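First, one chain by itself: the form predicted on its own, in structure tokens.
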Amino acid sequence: MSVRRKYSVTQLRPRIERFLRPILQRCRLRLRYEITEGPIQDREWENPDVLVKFSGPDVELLLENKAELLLALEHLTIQMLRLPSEDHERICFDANDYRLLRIEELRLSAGAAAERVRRSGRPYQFAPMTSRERRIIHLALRDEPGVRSESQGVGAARRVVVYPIPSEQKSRPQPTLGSPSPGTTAQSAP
């Protein structure tokens, strides 16, 4: 089965390189990058069309503070490319397999939050995170019994909140995105 990609490396590589090369040189960052077709791993969690993978002596600088610099470079590049917001996940920046490790960390955090909410009966609120990370939390929680999740907040303060499902609602089927059952609240999109 072939994967249909909206953006190709051939199409985006020249523009990404013209943007990144001077930034990295001016910042004197000792980094190399490779622009490749996104890997087909678990397409449910993350499936970029184009992957920009960094290596080199200064790669740890990209990953400091929850990969703040890596994510900032990714964001700026996406803005430069003028991609519509629904296509932002089609371009991905990575270094030292940070993305795979972060996905696993979020999946484990979602499971721990679900257990905590089931035990305590009280909502759990995650720290603010990007739309990609919120999506991963929602996906990880969708099959967890006894809980539901919503995104709340605006802009950079947007976060996932995990709620217990009252016992009378536990026996009802969970609503799917976009089609809530009467009297229930559907999960918000990430």
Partner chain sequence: MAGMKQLVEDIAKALVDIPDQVSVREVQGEQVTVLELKVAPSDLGKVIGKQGRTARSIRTILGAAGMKLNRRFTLEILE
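Positions refer to the first chain, counted from 1. What you see is a predicted model, and the numbers here were worked out from it, not measured in a lab.
Only in words, not in the display: the form predicted together with the partner chain, which the text now covers.
Only one segment in the set 137 to 145, 47 to 55, 118 to 126, 65 to 73 has residues whose heavy atoms sit within 4.5 Å of the partner chain in the predicted bound form; it is 65 to 73. For the three marked residues, 39, 83 and 107, no heavy atom of any sits within 4.5 Å of the partner chain in the predicted bound form.
Put simply, residue 161 is far from the partner chain in the predicted bound form: not one heavy atom of it is within 4.5 Å. Contact check for residue 22: a non-hydrogen atom falls within 4.5 Å of the partner chain in the predicted bound form. Within 4.5 Å of some heavy atom of the partner chain in the predicted bound form lies at least one heavy atom of residue 28. In the predicted bound form, residue 35 stays away from the partner chain, with no heavy atom inside 4.5 Å.
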